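As structure tokens, one chain now follows by itself in the form predicted on its own.
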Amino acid sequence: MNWRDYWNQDTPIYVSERHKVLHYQAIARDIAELIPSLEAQVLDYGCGEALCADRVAARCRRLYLCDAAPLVRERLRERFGEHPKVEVLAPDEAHALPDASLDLVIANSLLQYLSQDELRSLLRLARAKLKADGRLVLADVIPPGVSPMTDAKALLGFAWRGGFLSRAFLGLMRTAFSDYRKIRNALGLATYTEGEMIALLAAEGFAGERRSRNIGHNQARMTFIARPA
């Protein structure tokens, strides 16, 4: 099994429905804050289930939701198929978007599952599709040395604030014996230092910098904002 196959199924990554909803609400809030105008065209690449994408769409003219997993795309179309501002895309359809047409491309909690060649391909896609003044946002990037225990502490803090702490403890125990833990141990997660990420961006034609706050609840991870150089 690879990461794409793993995400093309129901997974135990969320400890409860409340966790899932609060997670996507927070992500939608943070993405919406980065949209430059109500006329913006936005691509959320590797979007996952994007439960609250309608909140993002309310802040822009067009929102493209792109995910490699067919099951995820099917569910997105069921949820947002009638939304006038939302379009669900497979990766090859994202490549078919007009060049220099997007104001914002975001990839949140995706890079850890990509090989470096896949990451470079994503950066080239963003470079081609962004307008000259557009922005690329790479969020939830894992630095080297961040352990599963650090992620667990961040989840428990989020759960305490969100009112699902007991379910979080049970969920962490379940995850320890899940396919996610097994595939994470087998395949690993890609990690980057701040300097490595800035250099990768520069090599693909971007001027990037680390944002002071990561998107979402886990502040042990990093968000980068880049513009075409």
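Counting begins at 1, following the sequence as shown. Keep in mind the model is a prediction, meaning the values are calculated, not measured.
This next part talks about the form predicted in complex with a small molecule, which is not shown.
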item	value
Segment that reaches the small molecule in the model of the complex - one of 128 to 136, 154 to 162, 101 to 109, 78 to 86, heavy atoms within 4.5 Å	101 to 109
Contact label in the model of the complex: H217 to the small molecule, heavy atom within 4.5 Å	no
G171: touches the small molecule in the model of the complex, heavy atom cutoff 4.5 angstroms	no
Heavy atom of Y24 within 4.5 Å of the small molecule in the model of the complex	yes
A94 within 4.5 Å of the small molecule in the model of the complex, heavy atoms	no
Position in contact with the small molecule when the complex is considered in the model of the complex, options A69, M197, C52, I35, heavy atoms within 4.5 Å	A69
